[in-house]
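This document starts with one chain, in the form predicted alone, laid out as structure tokens.
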């Protein structure tokens, strides 16, 4: 049996032998760093939002960002635009109702410190995103739902209103007459155009928001990924943020937006992180060819990207130098 002196001698020899290996690893790391491409200065501010209605959302958020305001204020102001637009049938006022003819809304918001607020299955309120922010700021909770969320909103001074437009009601009645109460909700690219938004302000802080009226003609009581922190939205101020659009059940199964942010933490750029998250969604959903899911992501340096399952998903990006609508690359 080796005595203590022999053990120490062997340990010393082993450590000495390991020094060249450690030195070589350090040299290789230094060389890799030296050869890495220069990423250039960070871009600030940045606004990023899903779908074509993200263009107007970004422009509404821009005066706040350009003047040095908070990313949180910018995302709230941005998504309130599609929430109030009756022409957008998947968000807020004018959104398609469930199969009972009721417009139920879901939204969440998250700031640079990790605080978050959410509402789900909320009726009669024009701006669910603002209610979600109030949940974050004045309650000890993260999520309020249904009648409780409505009671809270009214107590906070939000006005009650009818969210079902004549056009949305006519479309619902037509669909019900053609399909009946037992038909599943349609799964297609036009049925889940959630507005998700991410911003990076001049101070380098990130925030995100996500709001929707959910899948058209869904079962009464259904809630998708949009108000669920980690699924429809996630922000980590040390890394970046991500938001999702598409068939919410598929996003929930992969905890999609948390996954995107964790992939960025591992060193993947935003576009690649979104692609890898889509691959995970595909793994978890055997019916993936019949659905659409897309992610967008924004990192701490102002880099951004997106990826989706099927062609047709686009997102809007705005920086001090550009204002554009981008067709996301897709798996199919």
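Computed from a predicted structure; not experimentally measured. Residue numbers count along the first chain shown, from 1.
The following text describes the form predicted together with a small molecule, which does not appear among the structures shown.
Next item on the list: Using heavy atoms only and a 4.5 Å cut-off, determine which of 240, 256, 214, 82 is in contact with the small molecule in the predicted bound form.
Entry: When the small molecule is considered in the predicted bound form, the option within 4.5 Å is 214.
Notebook entry, point to check: Quick one: of 78, 208, 246, 92, which gets a non-hydrogen atom within 4.5 angstroms of the small molecule in the predicted bound form?
Noted result: Here the answer is residue option 246.
Item checked: Distance check, residue 97 to the small molecule in the predicted bound form, heavy atom within 4.5 Å -> Result no; residue 97 lies far from the small molecule in the predicted bound form.
Note to self: When the contact criterion is heavy atoms within 4.5 Å, does residue 117 count as touching the small molecule in the predicted bound form?
What the structure shows: No - in the predicted bound form, heavy atoms of residue 117 and the small molecule never come within 4.5 Å of each other.
Check: Counting only non-hydrogen atoms and a 4.5 angstroms cut-off, does residue 111 reach the small molecule in the predicted bound form?
Finding: So residue 111 does not count as contacting the small molecule.
Next item on the list: Determine whether any heavy atom of residue 102 comes within 4.5 Å of a heavy atom of the small molecule in the predicted bound form, and answer yes or no.
Entry: Contact check for residue 102: no, nothing within 4.5 Å of the small molecule in the predicted bound form.
Margin query: To test your reading of this chain, name the stretch in 134-142, 223-231, 173-181, 148-156 whose heavy atoms come within 4.5 Å of the small molecule in the predicted bound form.
Written below: Flagged stretch: 223-231.
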